[in-house]
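Single chain ahead, by itself, as structure tokens, in the form predicted alone.
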């Protein structure tokens, strides 16, 4: 990464991070939504952990913590896509394209901002989960794998949403960024393990890539890294796929003049 590329990426990241953390309307949704789901699932559905066949040693609070962690990472990326769309809708994106000698640096800057935003939310979610009594049987390496997996999910979601934003270049593209990620998350084993699902939801969850990611996150919390390799392979594949998507979208934005 040369100096000009790095300077553009860091400038875009710094601006995006500043906008998010100085505007409550931008930072609060990415924090409140995961906490709302955590309270609703881990609190309101806590008795689900007592049903026959639910065999997860850390308990139901930790079971839901894994989901909320992955969810908050994904939506940190999606909300960054909202920011990209807003920048282009207001005309700032066009100025960026004119000023930046290496346009991919713009995308890298937004990805850095997505990571910072997700890291903040993950920290809040983790603190709340521990305060709520979530039992983490994970060691240091397991925790590193858990949060590393969450970062890959954040990166994939940011690339997906960023690609949509660069093509639509309007905040009206928000539902297209958010709904597919929302569906993938909630068509995975959210409330109970995969083995306890039945009917069409079991069939869908079986082929849903987020199922493997959730399973790995829950295994890591229980101190088992055996499924991490598969989850990393899937998430890295999503990053590569959506990386190509985002770069092509960036070229389309360039061709359209922002």
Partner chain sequence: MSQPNGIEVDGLVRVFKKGPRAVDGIDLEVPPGEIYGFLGPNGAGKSTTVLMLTTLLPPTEGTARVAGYDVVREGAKVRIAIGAALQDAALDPFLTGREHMRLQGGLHGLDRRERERRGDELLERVGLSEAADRKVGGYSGGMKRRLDLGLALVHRPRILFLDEPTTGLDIQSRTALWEEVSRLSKEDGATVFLTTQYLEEADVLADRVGIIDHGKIVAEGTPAALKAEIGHAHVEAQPANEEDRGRLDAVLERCDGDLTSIVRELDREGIRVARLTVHEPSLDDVFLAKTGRSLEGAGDDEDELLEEALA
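Positions refer to the first chain, counted from 1. These numbers come from a predicted model, not from an experiment.
The form predicted in complex with its partner chain exists for this protein as well; it is not shown, and the discussion that follows is about that form.
With the partner omitted from this view, the residue of 148, 139, 133, 91 that lies near its partner chain in the model of the complex is 91 [heavy atom within 4.5 Å]. The chain is drawn here without its partner chain; in the model of the complex, the stretch among 158-166, 68-76, 122-130, 95-103 whose residues come within 4.5 Å of it by any heavy atom is 95-103. Although the partner is absent from this view, residue 12 contacts its partner chain in the model of the complex, with a non-hydrogen atom inside 4.5 angstroms. Within 4.5 Å of some heavy atom of its partner chain in the model of the complex lies at least one heavy atom of residue 18.
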